[in-house]
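This document starts with one chain, in the form predicted on its own, laid out as structure tokens.
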Amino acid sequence: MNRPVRAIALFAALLLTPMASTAYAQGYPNKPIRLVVPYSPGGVVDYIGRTLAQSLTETMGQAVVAENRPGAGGILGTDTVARSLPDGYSVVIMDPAIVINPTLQPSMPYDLFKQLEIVSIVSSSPLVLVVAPDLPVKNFAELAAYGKANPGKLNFASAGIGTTPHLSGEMLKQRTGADAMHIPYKGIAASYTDMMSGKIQFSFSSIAGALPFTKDNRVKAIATTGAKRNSVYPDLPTVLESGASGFEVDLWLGIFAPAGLPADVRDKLSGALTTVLAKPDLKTAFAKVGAEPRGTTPAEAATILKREYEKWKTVIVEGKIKKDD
């Protein structure tokens, strides 16, 4: 091909590329969408993911199929989406572990900020701070003071190293100077038995995990960690209200897609999420696990993601936390 013909062909290709992208996006979605849930069935992420998938199916006119791909703290399932085509047909729902893992893990199979893009933060849920029934504290400030005055006497539980509840306990130690030992459990339910018997003194728990034990006061709920009070525990103050400036922890969930989504596809997916998250029945469904529908633009979500990444990176680095601790 001679030089003038090659130049004309290249120019034509450049002109056609955005047209092709727009035409493709106008047909989106024209086949089922895979929503990867990177955890085992039965947890909060699975429940929210499946609830969203059902509602999105009704709104988008195509099946949105929730697919469990558990492993490595959410990394395995997230990696399958990071390596998928950026066409809007493979997305993943993920919790704050997605911003924690890059600092905590010695190596990662994907780059969070280069291979993935966030479409929306779809839900928010604070943690609830629960303490053993015989621990002589009534609020966050008293717990922090007790930890400073009684070194070696506080153990706190989580479902594993690097989980949001674990890092929340580490943040308590760093912000207040309280002394407490982290005890990781394979499942948080087992820790409640030990908390009721006094072997464990406190934990930051998901609301869904804590509710069965706080309903009958087998453990004491003393604070929640959101920006405002939670409807499940309306009488509990937030940690912020207790005077701990900047101590806010949100067990948010976000929808992520492979980086490079066509803008129109991203906008359609974002718009569909906004629509379903405004439905009253979705709010009712989320409330069963202590979550609230949220919904953000991709730009707002990206800002939140970077802020969360920096917050937890600071906690991990300052605490010298390692996965094999």
Partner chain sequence: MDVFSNIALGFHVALSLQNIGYCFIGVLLGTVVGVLPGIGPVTTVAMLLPISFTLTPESALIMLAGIYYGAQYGGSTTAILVNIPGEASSVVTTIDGHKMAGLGRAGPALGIAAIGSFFAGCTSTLLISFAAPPLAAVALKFGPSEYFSLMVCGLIAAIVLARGSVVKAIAMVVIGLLLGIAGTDINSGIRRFTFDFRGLADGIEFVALSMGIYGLADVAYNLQKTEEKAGLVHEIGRIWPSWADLKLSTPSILRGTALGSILGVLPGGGALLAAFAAYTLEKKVAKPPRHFGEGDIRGVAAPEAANNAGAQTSFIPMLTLGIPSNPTMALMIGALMIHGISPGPGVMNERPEMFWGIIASMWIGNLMLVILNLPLVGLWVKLLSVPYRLLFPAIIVFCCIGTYAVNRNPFDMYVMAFAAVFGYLCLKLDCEPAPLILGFVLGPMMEENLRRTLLLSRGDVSILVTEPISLGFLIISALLLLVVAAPFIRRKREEALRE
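Predicted, not measured: the structure shown is a model, and the values here were computed from it. Positions refer to the first chain, counted from 1.
In what follows, reference is made to the form predicted in complex with its partner chain, a form of this protein that is not presented.
- Look at 61-69, 267-275, 293-301, 254-262: in the predicted complex, residues with non-hydrogen atoms within 4.5 angstroms of its partner chain sit in 61-69.
- Shown alone here, G42 lies within 4.5 Å of its partner chain in the predicted complex, counting heavy atoms only.
- Proximity of I200 to its partner chain in the predicted complex falls within the 4.5 Å heavy atom cutoff.
- For N230, no non-hydrogen atom is located within 4.5 Å of its partner chain in the predicted complex, even though that partner is not displayed.
- When its partner chain is considered in the predicted complex, R175 lies well away from it, no heavy atom lying within 4.5 Å.
- Proximity to its partner chain in the predicted complex, defined as a heavy atom within 4.5 Å, singles out one entry of L112, V91, A221, I75, which is I75.
- Contact annotation: of the candidates I33, A53, L282, V289, the single residue with a non-hydrogen atom within 4.5 angstroms of its partner chain in the predicted complex is V289.
- Proximity of E170, L240 and G246 to its partner chain in the predicted complex is absent: no residue of the three has a non-hydrogen atom within 4.5 angstroms.
- Residues M181, H182, I183, P184, Y185, K186, A189, T193, D194, M196, K199, I200 of 181-203 are found to place at least one heavy atom within 4.5 Å of its partner chain in the predicted complex.
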